[in-house]
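Let's start with one chain on its own, the form predicted on its own, as structure tokens.
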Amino acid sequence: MKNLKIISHPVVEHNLSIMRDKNTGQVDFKNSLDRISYILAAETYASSGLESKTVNTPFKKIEGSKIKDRIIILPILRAGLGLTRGFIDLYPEAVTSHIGIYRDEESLKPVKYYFRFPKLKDKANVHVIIIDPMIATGGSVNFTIEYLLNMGIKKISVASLLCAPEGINAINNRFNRSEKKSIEIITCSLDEKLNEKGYIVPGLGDAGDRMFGT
């Protein structure tokens, strides 16, 4: 699938299997999610731009590097909060924004109820990373991408624990039809399908409920 990167890593596969197990409790579920978040963050940050930086080592002066992009992580409430630890720890300079979305029961369309984002004078080197553990239909992610594009954000990535083919197809069909508008999606698993209730199969249930114990 276009612009989809699936992480292949033993630590990810080990912890994802723990999370899929219906008998795994809240503490072990959250601990496994935290471990995966570091690897997911590292893979997502790999597309960040660099610029030169002079470094004085104990022996000589060299040309090193520093991240050029202003990175903003944007977890979709509430489950997206559970994946932020690795992103914040690996790059503390990242700004954490938030977006809350619910689906209208009559129109079935996503509705934004909360949004906090930094004021930006220059959007040229801004890299926004949308964090959503489960991409099912893709509705919330599509809404968020569209919202950011309308703000003038051009570099957008999506980081997810696992996805359904229906959700990835929805994102690609809407945004990734040409190289001029390309949304990178990084995930740990592309699962089989959505069931009749909209849950990812085999999936791991409701990520938010299992994460927060509700």
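Don't overthink the numbering: it's just position in the shown sequence, from 1. Here the structure is a predicted model, which is why all the values come from computation and not from measurement.
Just so it is clear, the following notes concern the form predicted in complex with uracil (URA), a form of the same protein that is not shown.
In the model of the complex, uracil (URA) stays beyond 4.5 Å of every heavy atom belonging to residue 71. Contact annotation for residue 13: none of its heavy atoms lies within 4.5 Å of uracil (URA) in the model of the complex. Taking the partner from elsewhere, residue 4 is found to have every heavy atom lying beyond 4.5 Å of uracil (URA) in the model of the complex.
Using a 4.5 angstroms threshold between heavy atoms, residue 103 counts as touching uracil (URA) in the model of the complex. Looking at 134-161, the residues that come within 4.5 Å of uracil (URA) in the model of the complex, counting any heavy atom, are 134, 136.
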